[in-house]
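Next up is one chain by itself, shown in structure tokens, the form predicted alone.
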């Protein structure tokens, strides 16, 4: 940890996501820690109807539990031929349990015989902290929003919101050993590879999560 670094909790139980976001924020005087490292054993149920709702639910939970500024994201895969599914249900597409392999099997089964494989990864990332400690709307870069009112926000807290997306297509066979979730079947035409085949630093430069958290980076770099 950099001397004098501020600790920020990332509301996830997935160590892969912690590493990914810590890499995106590398160079800032910020130490990113996951929920378990902050002494929090579980996440709230993701009951929101949008990526924003779920991201705020998680970040607000971590902020309440630790008293530290907290980040969270809700990310998902939207497939054109499936009407935008799995969307907010991406992690539980095949049922409860967040089984990545089962989710991929269901996705490929639902797309069997379908020619249109267009898809996109989308991400909404939020930073929740004391309202007085976050920049006001006029001080934020274009595309970055501040919310002072949301049912999940604790009294006296506010949220900074950033979004990102990346287009691709779904292939029939898993490729690559990196990444997580749907990465092995999400093919990026510009790279000629799946997200599981692309080196992590390159993926961070391209990905929906990278775009969203680079938006938050502009707020944390203050």
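Bear in mind that the values here come from a model prediction, so they are computed numbers and not experimental data. Residue numbers count along the first chain shown, from 1.
In what follows, reference is made to the form predicted in complex with inosine 5'-triphosphate, a form of this protein that is not presented.
Counting only non-hydrogen atoms, which stretch in 147 to 155, 134 to 142, 106 to 114, 72 to 80 is within 4.5 Å of inosine 5'-triphosphate in the predicted complex?
Heavy-atom contact with the partner occurs in 72 to 80.
Indicate whether residue 17 is a 4.5 Å heavy atom neighbour of inosine 5'-triphosphate in the predicted complex.
Yes, residue 17 sits close enough to inosine 5'-triphosphate in the predicted complex that at least one of its heavy atoms falls within 4.5 Å.
Classify residue 91 as contacting or not contacting inosine 5'-triphosphate in the predicted complex by the rule of any non-hydrogen atom within 4.5 angstroms, answering yes or no.
Answer yes; at least one heavy atom of residue 91 falls within 4.5 Å of inosine 5'-triphosphate in the predicted complex.
Taking any heavy atom pair closer than or equal to 4.5 Å as contact, tell me whether residue 211 reaches inosine 5'-triphosphate in the predicted complex.
Result no; residue 211 lies far from inosine 5'-triphosphate in the predicted complex.
Does inosine 5'-triphosphate come within 4.5 Å of any heavy atom of residue 43 in the predicted complex?
Residue 43: yes, in contact with inosine 5'-triphosphate in the predicted complex.
Only counting heavy atoms and a 4.5 Å limit, does any residue of 119 to 144 reach inosine 5'-triphosphate in the predicted complex, and if so which ones?
Contacting residue: only 121.
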